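Shown here is one chain on its own, the form predicted on its own, set out as structure tokens.
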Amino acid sequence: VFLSSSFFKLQNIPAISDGKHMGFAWGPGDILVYETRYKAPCILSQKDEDIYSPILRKLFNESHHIFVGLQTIREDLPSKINAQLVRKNPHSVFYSDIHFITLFSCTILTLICFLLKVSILLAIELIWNLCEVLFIDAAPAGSLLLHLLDWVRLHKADVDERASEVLQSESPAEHRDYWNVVVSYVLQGRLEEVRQMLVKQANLQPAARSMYKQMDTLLSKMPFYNPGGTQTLTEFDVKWRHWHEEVDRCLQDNSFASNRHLELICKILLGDEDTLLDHKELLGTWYHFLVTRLLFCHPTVKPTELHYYAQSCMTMFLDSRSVPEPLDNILLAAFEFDIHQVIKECSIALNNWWFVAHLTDLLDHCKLLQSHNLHFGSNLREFLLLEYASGLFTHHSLWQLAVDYFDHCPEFGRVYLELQIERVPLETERKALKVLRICEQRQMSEQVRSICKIMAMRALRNNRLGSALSWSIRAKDAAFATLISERFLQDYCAKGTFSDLDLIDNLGPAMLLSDRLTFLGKYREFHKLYGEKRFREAAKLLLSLMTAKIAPQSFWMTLLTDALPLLEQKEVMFLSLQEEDVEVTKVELLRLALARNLAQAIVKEGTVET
């Protein structure tokens, strides 16, 4: 049974004191504990572990692609959405990797878990397809029944498996499941298949061939509504009633009294309730009973009448002592066209937000969901997407999918993303770069700085100075860049060489982040000039480093030592201090003269105007 209560692990929580209980509720990675006065036993619901299941990983990824594509659709919305859902629905996505899943289920416990997830996914697909028929297609009377027949046939595929087994046998008409297959085909309204099967039986019974011929005529005459045809619904209804009266006359005339199987088929064609209920095993579910009853009793049923027939069929089909399962309540709410109740029941019955989030988003895009604000300010679509995405963020790789869900929540999506992105563990630089790229694309400057500082500090603790400097530059953290630059200079004093030369050689404008980083870059440039034997340029740069006062005091002696080889060159590399002073004096005098001339010009211009 789909979505039965046995799917969910429940435990009673004892009272902490007389008249009081403790309540527990699992969240995405956390547990909420609260005190309650509720007298009935409280329930501890199972923690959502679906997102950690490798079996469902592909499902989450595929549904994410559909979700992202759906957000870009604007015109001709319903038909495009339908096309996408038909191509990529939960059933096809899940079973496309069925071989891997079977291999994965190597233990009894894992196999049970696998079968459980298959049952839940089949139930989800059943709900999804029904919502597609009722809410998105919104088929009118006549067409509605055709869609419901397709819906039942899709989810009752075991008939074809048994039919294949029967037809592959040596004598299909004598197979033990032959008549079960025939009746199952009739219950699904697949009358062409029924006629083909009956031919095999007629060939074995030449004496009863006329009886089988009469049944074949009845089956071939049964009218089905054609939405694309010229026949109106009223004309179809009249034609169907004539056919129905003909079937009833055959039964009253005992035309098939000598063959109980053909008589049974005749009763089903009349929609006899007792006959249908006698074949619960072949029907399987009350909603199959509903569609079969509509097919043979009310083929022009209107959407507004569905809830009445659905309720009565469920009451007749289920045992009076049995309690409806969660799936029954969900389908009944759908037949009542109560979208919000469907979402509510699914939220209660399913142990994750995946289905309700995507269903709500789909209905919202089709303008079928009334957008009413919740008490905390967000609409229902956004609330469910936020909850689902928050759960994905607890997974080590699926968190990347959650980013797109947050992006399409206009009210609170960015706030949630900013809070969740800070909780992503940065185990490697590769993962840190992924997180950083996401933040940079969304101009999340505070998170960018935080990530860069964390990675820079980690690299510094591991004595990876190049990586630490790169992260600090990316964070635009002048203080930390100064600290790492000093570590580079200390290492140079100790070892006589620089590490991470590629990084230092390509600092570019980034060296202006701090004075110490500027000194590091320029000092490395001095060494390059010296190594290329461009002594005059090297000497000029070294002199500017000495006079700029950006070198740490502990490094002054090193600079003086670097100047010694240049001082011993045959050619004079350093200008005298006097020459330097003369050049500076000339510049200062020129600047003063220009300033005085400008002042006189302004005064004279003002006097003329006066």
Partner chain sequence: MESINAKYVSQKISKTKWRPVSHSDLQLPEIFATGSWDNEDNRISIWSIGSNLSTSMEDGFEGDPQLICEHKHDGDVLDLQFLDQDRIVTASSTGAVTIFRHHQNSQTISVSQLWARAHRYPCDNAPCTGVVCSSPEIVTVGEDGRIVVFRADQEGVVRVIENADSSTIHAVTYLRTTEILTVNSIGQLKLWDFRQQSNSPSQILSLSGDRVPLHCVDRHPNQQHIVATGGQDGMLCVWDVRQGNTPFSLMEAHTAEMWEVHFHPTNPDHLFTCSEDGSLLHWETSSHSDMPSFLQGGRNSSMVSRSAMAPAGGKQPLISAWLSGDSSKGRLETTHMLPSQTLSVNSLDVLGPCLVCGTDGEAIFVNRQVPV
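Positions refer to the first chain, counted from 1. In this text the structure is predicted, and so the values were computed from the model without any measurement. Here the rigid core means the biggest group of C-alpha atoms that line up within 1.5 Å when the two forms are laid on top of each other.
What follows is about the form predicted together with the partner chain, which we do not show.
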* Contact flag, Asp502 vs the partner chain in the predicted complex, heavy atom cut 4.5 Å -> yes
* Classify Arg474 as contacting or not contacting the partner chain in the predicted complex by the rule of any non-hydrogen atom within 4.5 angstroms, answering yes or no. => yes
* Find out whether any non-hydrogen atom of Gly521 is located within 4.5 angstroms of the partner chain in the predicted complex, and reply yes or no. => no
* To do: Tell me, yes or no, whether Asp562 is in contact with the partner chain in the predicted complex, where a contact means a heavy atom of each within 4.5 Å.
  => no
* Heavy atom within 4.5 Å of the partner chain in the predicted complex - residue from Glu132, Glu525, Glu429, Asp272 -> Glu429
* Asked: Just one of Arg487, Arg209, His396, Lys280 has a heavy atom within 4.5 Å of the partner chain in the predicted complex. Which one?
  -> His396
* Structure fact -> Only one of 360 to 368, 232 to 240, 399 to 407, 513 to 521 has residues with a heavy atom within 4.5 Å of the partner chain in the predicted complex, and that stretch is 399 to 407
* Asked: Even though the chain is shown alone, can you say which residues of 446 to 464 have a heavy atom within 4.5 Å of the partner chain in the predicted complex?
  -> Asn462, Arg464
* Asked: C-alpha of Ala459: shift of 2 angstroms or more between this form and the one not shown, rigid core aligned?
  -> yes
* **Flag for Trp354, CA shift 2 Å or larger between this form and the one not shown after aligning core** => no
* **Core-aligned C-alpha movement of Asp237 between this form and the one not shown reaching 2 Å** => no
